[in-house]
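Quick setup: one chain, the form predicted alone, written in structure tokens, and binding and motion questions come after.
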Amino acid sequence: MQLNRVAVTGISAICGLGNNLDQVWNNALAGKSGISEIKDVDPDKWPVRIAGSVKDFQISEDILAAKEQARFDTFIHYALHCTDEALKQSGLLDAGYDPYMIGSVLGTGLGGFPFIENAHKTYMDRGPRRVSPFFVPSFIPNMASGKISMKWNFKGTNHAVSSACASAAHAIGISAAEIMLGRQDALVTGGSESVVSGLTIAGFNAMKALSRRNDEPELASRPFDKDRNGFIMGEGAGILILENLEKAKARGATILAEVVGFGSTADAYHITSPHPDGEGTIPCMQQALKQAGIEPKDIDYINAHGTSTPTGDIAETNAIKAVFGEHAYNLSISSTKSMTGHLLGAAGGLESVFCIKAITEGEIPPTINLDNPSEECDLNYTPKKSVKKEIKYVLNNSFGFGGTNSTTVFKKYEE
């Protein structure tokens, strides 16, 4: 069976670095941190008071009517906002496709958790009759993709993927497969997350997963550095428009990149910790390379999962060495989480946007705060400053609790 090629024709992002693609990308190249102090929190109740929060954002009423804005969690706002920007870039709305051949598959790790917190407080303080009838639709994970389909009349496949921190990456892989198999002509995909809230912070902090460097927020996320002490919560979205490449070409779309490989495996090891020997992550990367039809030496850049946790960064580094051998030392690698924090279920969407921009712009964003790499972390992580480089193939890793792994390979578009 001849598989369709998959084009990326639109991308968008929002996170602590900015509220649109240009702001996010330019600040990333400049090595700026989007991590700051969380506003208006009680220090006695919030042991961690820093996050990669989106700043000064208000969704346009043209995208989501004012009366609806309060009914839906912010992760849905972010998804709609970025979809609007990505659709404009792609020109998809003027493509003339059958609406049943355009769909939406989005990833989110926790859905609208702040809405759940607030509704529970209302329930406990004021009773069940005071819980809003919009409560359930406000937070369920598939409502971001659902609102996208309703807003733009996309009647194709419409669902959410929730696989912890690999959610958005899995959504992209599923979407690419739908187009490869001819089941859809185009899909909105990626992920969205907004869970910087008291209960989620408390939960991750209880696991000792978060950095508590509250007095130095811009320095707190330090992947691969010997002084790293946990990840930083982030929020935002990264959205991609994927299309059947031949149909995109026929309508004159600008093709930013191709999705050429995807891997998905399980560690089958531990609920939160990665397998130290890479028993899941190694075959995940190998699967993606095999589907792309390339050798390890063909990869120019890896956007690493790189969360800034003591064990995770070493495990990923060891897995990269196992897959790439000597080429691991020739690769450019970076963790953009050093600037954005960890967007959990949306991480793979945002970081795929960084991968595609690296291809189109020929520049690799840095890993900031990498002052003293751990002895075990001895690869080229693009420390502190962006690097110009001709890039043909990029690999993106996303791993999550439950031992779930995802790897995506993007390729520079060539006729």
Partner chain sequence: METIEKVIKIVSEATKVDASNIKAETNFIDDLNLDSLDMVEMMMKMEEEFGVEIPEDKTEDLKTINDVTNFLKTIN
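Residue numbers count along the first chain shown, from 1. Here the structure is a predicted model, which means the values were calculated and not measured.
Not on display, but discussed next: the form predicted together with its partner chain.
K.L.:
Within 4.5 Å, heavy atoms only, which of 126, 270, 155, 251 is in contact with its partner chain in the model of the complex?
P.N.:
None of the others qualify; the residue that does is 126.
K.L.:
Tell me, which of 321, 151, 71, 213 has a heavy atom within 4.5 angstroms of its partner chain in the model of the complex?
P.N.:
The residue from 321, 151, 71, 213 that makes the contact is 71.
K.L.:
Does residue 207 reach its partner chain in the model of the complex, with heavy atoms at most 4.5 Å apart?
P.N.:
Flag for residue 207 set to no.
K.L.:
Considering only heavy atoms, tell me if residue 96 and its partner chain come within 4.5 Å of each other in the model of the complex.
P.N.:
Heavy-atom contact with its partner chain at 4.5 Å: absent for residue 96.
K.L.:
Hey, in the model of the complex, does residue 132 get a heavy atom within 4.5 angstroms of its partner chain?
P.N.:
Looking in the model of the complex, residue contacts with its partner chain include residue 132, since a heavy atom lies within 4.5 Å.
K.L.:
Just to confirm, residue 39 within 4.5 Å of its partner chain in the model of the complex by heavy atoms?
P.N.:
The answer is no: residue 39 has no heavy atom within 4.5 Å of its partner chain.
K.L.:
Among 61-69, 348-356, 44-52, 375-383, which stretch has residues whose heavy atoms lie within 4.5 Å of its partner chain in the model of the complex?
P.N.:
Heavy atoms within 4.5 Å of its partner chain in the model of the complex occur in 61-69.
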